[in-house]
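What follows is one chain in structure tokens, specifically the form predicted on its own.
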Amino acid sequence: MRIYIVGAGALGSLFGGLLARAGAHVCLYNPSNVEHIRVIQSAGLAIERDGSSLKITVEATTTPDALAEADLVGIFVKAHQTARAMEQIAPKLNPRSWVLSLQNGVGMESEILRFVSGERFLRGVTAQGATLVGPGRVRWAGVGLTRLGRWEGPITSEIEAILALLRRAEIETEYSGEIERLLWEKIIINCAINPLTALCDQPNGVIVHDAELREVAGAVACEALRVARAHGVTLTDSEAVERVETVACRTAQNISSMLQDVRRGRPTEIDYINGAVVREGRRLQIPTPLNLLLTRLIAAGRMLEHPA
């Protein structure tokens, strides 16, 4: 199977590297991080985990020339980069390719579906964690279940083959016919952990180790849950809070993707996480003041670092 990873940052490089090791023909594409691509081209991709390093030979490029040959195209850019990335690759995109998004948040699907049929679009969520620690080096920061589903239509033999390949790559993967519900269940977790860790400049564990932050995170999660229930989520308040705290404990040493972006002075995905809760809350006439506050605080921090 030929796989093309669009947005070979931390998570894209991790998935691409593991799939290449499993025997797939993988090409990592990143037009902006040229140094990362050059190191992979010359010395391979290093995946670091538990003090050891795995070196993988994998194709890497800064141009989308080989995209038309792909059986599967993985979209791993940040949510706010989706529109631009899709416009860049659209001229090369084969309409028969499957397109997979494991991106954080909700809302970027509409940008992908401008160029991809819903019947060829796979949307998913993953508990895998990765950090880009240097050019050509990725830390496998967390292991967990990946679940994906077809945007329109039933599961097919081609999708079964994609699932089998992911499992062969040691990426635990399941198929789900309720992908919208899963996206919103993950939103509840991300909207509590990501902005608070970014604002406090602390790893995920601070959410449970600091009593006051723990209380705030629980309130944010319960507020998001009231919106998520309109998308099939049936969790109770206590179950939602428990999921946030379980993830924060399991990934206590991880640096959230939002904190990584803040530290690097890059735009965050806040508009597709807490901001998505706010927008949907307004549509449903459900108040979301805590999520609105976090959205504004993260946006204000970005403006202070990069004033006009």
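Keep in mind it's a predicted model, so treat the numbers as computed, not measured. Note that residue numbering follows the sequence shown and begins at 1.
One more form of this protein exists, namely the form predicted together with pantoate (PAF); it is left out here, but the text below deals with it.
A.B. asks: For a quick test of understanding: in the model of the complex, does each of 6, 33 and 88 have a heavy atom within 4.5 Å of pantoate (PAF)?
C.D. replies: Spot residues vs pantoate (PAF): no contact at all.
A.B. asks: Within 4.5 Å of pantoate (PAF) in the model of the complex, heavy atoms considered, which of 176, 202, 128, 94?
C.D. replies: That would be 128.
A.B. asks: Which residue among 247, 67, 37, 46 has a heavy atom within 4.5 angstroms of pantoate (PAF) in the model of the complex?
C.D. replies: Checked against the cut-off, the match is 247.
A.B. asks: Have a look at 278-286, 248-256, 58-66, 22-30 and name the one stretch with heavy atoms inside 4.5 Å of pantoate (PAF) in the model of the complex.
C.D. replies: That would be stretch 248-256.
A.B. asks: At the 4.5 Å heavy atom threshold, is residue 123 in contact with pantoate (PAF) in the model of the complex?
C.D. replies: Judged by the heavy-atom cut-off of 4.5 Å, residue 123 is well away from pantoate (PAF) in the model of the complex.
A.B. asks: My question is simply whether residue 147 lines the interface with pantoate (PAF) in the model of the complex - judged by any non-hydrogen atom within 4.5 Å.
C.D. replies: No.
A.B. asks: Tell me, yes or no, whether residue 193 is in contact with pantoate (PAF) in the model of the complex, where a contact means a heavy atom of each within 4.5 Å.
C.D. replies: Close contact exists here: in the model of the complex, residue 193 approaches pantoate (PAF) to within 4.5 Å, heavy atoms only.
A.B. asks: Please run the contact check for residue 139 against pantoate (PAF) in the model of the complex: heavy atoms, 4.5 angstroms, yes or no?
C.D. replies: No, residue 139 stays farther than 4.5 Å from pantoate (PAF) in the model of the complex.
A.B. asks: Which residues from 170-188 come close to pantoate (PAF) in the model of the complex, meaning a heavy atom within 4.5 Å?
C.D. replies: Only a single residue, 186, comes within 4.5 Å of the partner.
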